[in-house]
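One chain follows as structure tokens, the form predicted alone.
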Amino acid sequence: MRTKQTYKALLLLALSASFAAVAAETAVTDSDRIEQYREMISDGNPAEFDEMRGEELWKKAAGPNKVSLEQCDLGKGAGVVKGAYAELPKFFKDTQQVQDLESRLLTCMTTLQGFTEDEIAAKPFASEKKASDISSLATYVVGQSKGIKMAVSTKHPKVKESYEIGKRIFNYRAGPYDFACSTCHATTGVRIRMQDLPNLSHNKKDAQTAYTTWPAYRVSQGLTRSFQWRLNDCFRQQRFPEPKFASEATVALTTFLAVSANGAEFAGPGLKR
């Protein structure tokens, strides 16, 4: 009789251990696994190569005018890149426009170096076949704000206006699916496939983390992707027409998202799956 009791006790103990293991496995969410994956690949970011390429382009005499971009004013004075991205977008007197990084680089490349907008916009994003100069330049500049807190000011009325327009664009529903940016990014705890969707409207931490980790190297694509590319791809997924490169609409949307990230330390270029 004692042997049967011992057997039952051992069986119950084994079953308890099995249930505990299942419970522990269940407690590990898909988000946890994705985070573990990110930690595994975080030892060295290939975006650093794009940063180096961008720095070379910044200092290289180029274009019809054969000059470098070292006199480009990104908002903190001619040639100053340290901390510039953390304060963009902003209003620039010389263009009388609110500009984000890409649109400001476009201005410098046309006015200083003599390129045409069409030449630059023809290759705004990198591909497997060819790198993008303006994308590499943007990667270099953003890297110079790493560790610096986001501080985009809306004191200028034009910046405030751009912010409000960007907010409306974020919430504007249209297209064949009646989608808006907020369709995916205004609710907590939702995801597409295995990708958690940050709540950019009502969760300050989500908004900060999302913005401060772009541009980013996409492991699945083997390319460094700019923030402008990220916005364009979101429009594509909504089945909206692709925005013109460095358009007022994308600058406004960037202004809204950048202001939402204020106070967080910039951590880009990031590393994405």
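So that there is no doubt, residue numbering starts at 1 and follows the sequence shown. Being a predicted model, the structure only gives us computed values, none of them experimental.
There is another form of this protein, the form predicted in complex with heme C, and it is not shown here; the text below is about that form.
> Among the candidate stretches 102 to 110, 132 to 140, 115 to 123, 172 to 180, which one is within 4.5 Å of heme C in the model of the complex when only heavy atoms are counted?
This holds for exactly one stretch, 172 to 180.
> Can you confirm whether Ala210, Leu231 and Cys234, the three residues that make up this candidate site, all sit within 4.5 Å of heme C in the model of the complex, judged by heavy atoms?
Yes, because Ala210, Leu231 and Cys234 each have a heavy atom that approaches heme C to within 4.5 Å in the model of the complex.
> Is Leu257 one of the residues lying within 4.5 Å of heme C in the model of the complex, judged by heavy atom distances?
Heavy-atom contact with heme C at 4.5 Å: present for Leu257.
> Would Tyr217 count as a contact of heme C in the model of the complex, using a 4.5 angstroms cut-off between non-hydrogen atoms?
No, Tyr217 sits far enough from heme C in the model of the complex that none of its heavy atoms falls within 4.5 Å.
> Can you work out whether His185 and heme C are in contact in the model of the complex, taking contact to mean some heavy atom pair no more than 4.5 Å apart?
Flag for His185 set to yes.
> Just checking whether Phe227 would be counted as a contact of heme C in the model of the complex - the rule being heavy atoms within 4.5 angstroms.
Judged by the heavy-atom cut-off of 4.5 Å, Phe227 is in contact with heme C in the model of the complex.
> Which residue among Gly79, Gly75, Pro198, Gly83 has a heavy atom within 4.5 angstroms of heme C in the model of the complex?
Contact check passes for Pro198.
> Only counting heavy atoms and a 4.5 Å limit, does any residue of 255 to 273 reach heme C in the model of the complex, and if so which ones?
If the 4.5 Å heavy-atom criterion is applied to heme C in the model of the complex, 255 to 273 yields Leu257, Lys272, Arg273.
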